[in-house]
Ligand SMILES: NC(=O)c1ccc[n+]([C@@H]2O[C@H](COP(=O)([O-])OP(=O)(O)OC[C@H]3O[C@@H](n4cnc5c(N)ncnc54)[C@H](O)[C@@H]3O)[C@@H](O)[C@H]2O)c1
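Starting off, we have a lone chain in the form predicted on its own, written out as structure tokens.
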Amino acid sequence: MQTPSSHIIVRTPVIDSIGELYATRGLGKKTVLLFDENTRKLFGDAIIESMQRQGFRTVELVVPARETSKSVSTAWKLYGQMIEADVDRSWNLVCAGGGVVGDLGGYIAASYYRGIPVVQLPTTLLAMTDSSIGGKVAINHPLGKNLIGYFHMPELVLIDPALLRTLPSREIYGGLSEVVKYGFIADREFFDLLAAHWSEIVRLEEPWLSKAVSRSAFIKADVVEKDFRETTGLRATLNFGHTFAHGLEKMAEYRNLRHGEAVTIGMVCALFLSHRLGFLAEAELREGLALLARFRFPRGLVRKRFLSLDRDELVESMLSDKKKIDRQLRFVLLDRIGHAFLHDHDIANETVLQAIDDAKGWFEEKKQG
């Protein structure tokens, strides 16, 4: 039986050993490669040439590099291209890109011929540490994000931290939101490492970058292995800050606000909510906020996408989250740094609103400071 992390490979350059890695999983060498336009331009030739040198037969698919690619219409178009290329159940699919490519490609792999193997080759920090791991794959609906999908575990997750050097700083900070989340919910020592070596990680310096990526990926894999279909509440802890974040993303119409940016704001709200409900001590609240204060946002983004929002409208937007039950919001809270839990009991809307106000006040104060 595979261990939670046995299918996760962190290596540079990882693509040059894909043939031997496929052999360890019993995968064939007929592979559909899914890129977005950006990853095709940056990495496509090198990936294809390396795979062909290793004896692979490939079919290439490319989609626009935007969230709207996660749609029924895009999936339908890709199904047609795969059928025309005689792709059958003996093939597998590699998702080479960020979260959009990983989600879309995973969805297609889960549904094509009732399921073919999928391999994730993430190229963003957010994908390397979160979305490529755990087998949740989905497309969007106009009424909500990631509402239509499957549980379809990747056969391999191939992570090459060197690929991150092509990313702008906004993408690095966005990915670090999920990295920091793992420290908050599961590993106090990891939280301390991030606080001590934040500057080196932001600059993508080794060995700190690979340590942060590996630890994040393995924490998520362990949680997923223990609660694959979210039956015990453990996997739900991976959504720390996300209930607020999903509301923010919906109000932004999934444009001009990156997922990681929304999660960072959401974690600030969740810290204040944890404190207001008496679970998180003042000292740990301040410690958590101190790390989140080191994030950098594009100029004006927090004001436009959070501070200027009506708090009641934000809560209403949060109610569209797929993780709610019977229009009751469920929050992941902390009782200490390094330990999260799913709060299943009702929380008064006024308390949630107060936590949002707390977060707004903190962001205002932080800006003035």
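These numbers were taken from a predicted model, which means no experiment stands behind them. The first residue of the shown sequence is 1; numbering continues from there.
Another form, the form predicted together with this ligand, is not on view; read the next lines as being about it.
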Note: this ligand not shown here; in the predicted bound form, the stretch from 192 to 200, 99 to 107, 289 to 297, 265 to 273 having heavy atoms within 4.5 Å of it is 99 to 107
Tell me, out of 126, 82, 223, 186, which residue has a non-hydrogen atom within 4.5 angstroms of this ligand in the predicted bound form. 126
Given that this ligand is left out here, which of 166, 73, 90, 256 has a heavy atom within 4.5 Å of it in the predicted bound form? 166
Are all three of 131, 136 and 146 close to this ligand in the predicted bound form, meaning a heavy atom of each within 4.5 Å? yes
Exercise: residue 43 in contact with this ligand in the predicted bound form, heavy atom 4.5 Å: yes
Quick one: does residue 69 come within 4.5 Å of this ligand in the predicted bound form, counting heavy atoms only? no
So in the predicted bound form, does residue 284 come within 4.5 Å of this ligand, heavy atom to heavy atom? no
Is residue 38 close enough to this ligand in the predicted bound form to count, meaning some heavy atom within 4.5 Å? yes
